[in-house]
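What follows is a single chain, given as structure tokens, in the form predicted alone.
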Amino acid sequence: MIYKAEKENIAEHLDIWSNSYKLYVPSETGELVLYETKQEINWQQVPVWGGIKEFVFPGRNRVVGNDENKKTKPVMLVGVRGCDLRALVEVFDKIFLEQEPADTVYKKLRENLTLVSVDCREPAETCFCTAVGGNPYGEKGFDLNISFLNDEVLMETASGKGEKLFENIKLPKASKEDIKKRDDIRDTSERAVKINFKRDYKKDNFREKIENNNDKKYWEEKAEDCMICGGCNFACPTCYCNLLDEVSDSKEIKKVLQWDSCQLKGYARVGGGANPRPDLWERFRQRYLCKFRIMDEEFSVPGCTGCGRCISVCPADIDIRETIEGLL
């Protein structure tokens, strides 16, 4: 169902929803923060940091003995981007839900989540979702999607969770003209993203070009500015590598899962100190292999959604697009 609402009334809808949900909305930087009444919401800026991953796969989380039966208030994320939805549906759900046995911690967090996505009407210069099979709007995985026209918005539901949001809100249905206007705006946004990176991972065969390039000199040159901070991995919506630790104190031993980075020297080190990728250029190249060969082989989609966050957070200004371009 696609509903039509006045843009100025969105705050009223959020106030209603915040009574039943722990509600998060985009901050000035696009990061999802806890909603407060009459809060200014940044609907347009694509997030530099933050996304769905933190809510279903926390950076540090106790995974055993974490009071799994405790009831928690459902969480609603408003302003989710299409690149995040792809990462969730095409990668994380396949790993943690569709493979047996399902991950109980992830499953609980996922089921507790209601996703309200928003079209990217003003894509950032770092966005390149169209180059890796995506679009600057939600196609699947959302419960409710918001599309901004001018003074009006269209709200499209795609699940029972989405329809539930309108139990106490009565809105007219969108007309064919409204939907046509939305689609025209989407086409404009899509063309804007394509300007950022005029390549296509299938047509230009990213996978083969990366897999077959063993030029040490090329990868050393591309990696020489890397500061080994791991920011590209931590900001990426599809990176799921982790480290399971046992943390103890005087009272108990805890199993804690935390994010790990393939760019860190100790990531692949094994017992006895052996390391299959001791040099930075090898780890740098491995990230590209993982995104465009290993994950493509495993999930039938590239492990890059073109969100551009790795570009935005990199203190060395390393651009994944420039690295790929050099191989084509």
Partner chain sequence: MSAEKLKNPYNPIKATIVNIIVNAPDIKTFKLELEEPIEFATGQFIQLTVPGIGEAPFTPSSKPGRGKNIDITIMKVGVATGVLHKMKAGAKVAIRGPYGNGFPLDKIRDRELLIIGGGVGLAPLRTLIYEVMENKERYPRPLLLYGCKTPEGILYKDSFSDWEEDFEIHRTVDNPNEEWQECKGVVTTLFDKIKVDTDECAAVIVGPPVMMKFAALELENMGISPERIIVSMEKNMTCGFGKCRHCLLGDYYVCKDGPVFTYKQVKGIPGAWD
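Positions refer to the first chain, counted from 1. Quick caveat: nothing in here was measured; it's all calculated off a predicted structure.
Keep in mind that the form predicted together with its partner chain is not shown, yet the notes after this line are about it.
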query: In the predicted complex, the residue from 75, 102, 179, 169 that sits within 4.5 Å of its partner chain by heavy atoms; finding: 102
query: Option touching its partner chain, based on a heavy atom within 4.5 Å in the predicted complex, out of 43, 284, 267, 35; finding: 267
query: Partner contact for residue 219 in the predicted complex: its partner chain, 4.5 angstroms, heavy atom; finding: no
query: Contact of residue 150 with its partner chain in the predicted complex (heavy atom, 4.5 Å); finding: no
query: Residue 229, heavy atom within 4.5 angstroms of its partner chain in the predicted complex; finding: no
query: Residue 277 within 4.5 Å of its partner chain in the predicted complex, heavy atoms; finding: yes
query: Proximity to its partner chain in the predicted complex (heavy atom, within 4.5 Å), stretch among 130 to 138, 220 to 228, 105 to 113, 79 to 87; finding: 105 to 113
query: Heavy atom of each of 64, 257 and 298 within 4.5 Å of its partner chain in the predicted complex; finding: yes
